[in-house]
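A single chain, nothing else alongside it, follows as structure tokens in the form predicted on its own.
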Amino acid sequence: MSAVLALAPLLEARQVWKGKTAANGTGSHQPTGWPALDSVLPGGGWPDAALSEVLLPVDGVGELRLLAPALARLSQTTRPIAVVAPPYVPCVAGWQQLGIAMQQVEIIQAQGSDALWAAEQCLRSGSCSAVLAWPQQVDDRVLRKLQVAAGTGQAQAWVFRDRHCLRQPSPAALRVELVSQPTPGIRVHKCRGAHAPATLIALDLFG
């Protein structure tokens, strides 16, 4: 028979970790800047200091505009935004038109495991407000490392992956898919703290 231990002495001796529950049960969030999306997400935005996964049919279907309000806000802080191994060279003028202060954006060119290592270190260090990454051929173990690193460094983490990865499990706190046809919008597949809405959220990401 296993022994029954008194919990109070263990807590006092710091031998048991005691978690804290957020007031609303979902933790803090960063508004997405899209009212229709904020209205269906727990806490009203991107989960703070956590991993959000954005699934795409192809690159360039509005993912930058989706993140632009949050990136513009984060670029006004003292911590830079790290863009790790983007599939295309960011257009400085285009990002600036979206309100993003490019002097706060650091672009890191890397490949394969080096890109994943760079993304994890940027998140874990606490020196970045956000990290954007395009990981290739990763599993849930690798994504979990990014999720933990985001929490450790109190940074926003966004990863962009092909929509076919939807069939794979993911530890991301939020998982959304951009849909381009027949009706442009966004579909929430997973959101920590609530059930994902069943309907497509219409968003004009090219307006």
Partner chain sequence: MLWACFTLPNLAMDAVLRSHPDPDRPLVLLDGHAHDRHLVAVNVAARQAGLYAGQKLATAQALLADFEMRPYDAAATAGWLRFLAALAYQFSAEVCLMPGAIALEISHSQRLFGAWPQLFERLQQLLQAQGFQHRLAAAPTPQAAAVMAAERPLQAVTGRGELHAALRGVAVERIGFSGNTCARLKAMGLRTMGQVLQMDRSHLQRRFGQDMVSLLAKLLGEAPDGLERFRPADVFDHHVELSHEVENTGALIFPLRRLTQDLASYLAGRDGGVQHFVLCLDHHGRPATRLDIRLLAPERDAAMLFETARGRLEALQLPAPVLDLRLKARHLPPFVPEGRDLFDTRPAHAIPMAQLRERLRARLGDEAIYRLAPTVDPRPERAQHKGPADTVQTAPQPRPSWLLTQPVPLRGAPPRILAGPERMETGWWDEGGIRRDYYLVQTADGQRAWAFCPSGEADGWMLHGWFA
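Positions refer to the first chain, counted from 1. The model shown is predicted, which means the values in this text are computed figures rather than measured ones.
Heads up, the form predicted in complex with its partner chain isn't pictured, but that's what we're talking about next.
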Please check if residue 80 has a heavy atom lying within 4.5 Å of any heavy atom of its partner chain in the predicted bound form. yes
Indicate whether residue 162 is a 4.5 Å heavy atom neighbour of its partner chain in the predicted bound form. no
In the predicted bound form, residue 140 touching its partner chain (heavy atom, 4.5 Å): no
Hey, in the predicted bound form, is residue 76 touching its partner chain, heavy atoms inside 4.5 Å? no
Which one of these stretches, 167 to 175, 145 to 153, 42 to 50, 29 to 37, sits within 4.5 Å of its partner chain in the predicted bound form when only heavy atoms are counted? 145 to 153
Under the 4.5 Å heavy atom criterion, name the residues of 162 to 191 that approach its partner chain in the predicted bound form, in sequence order. 180, 181
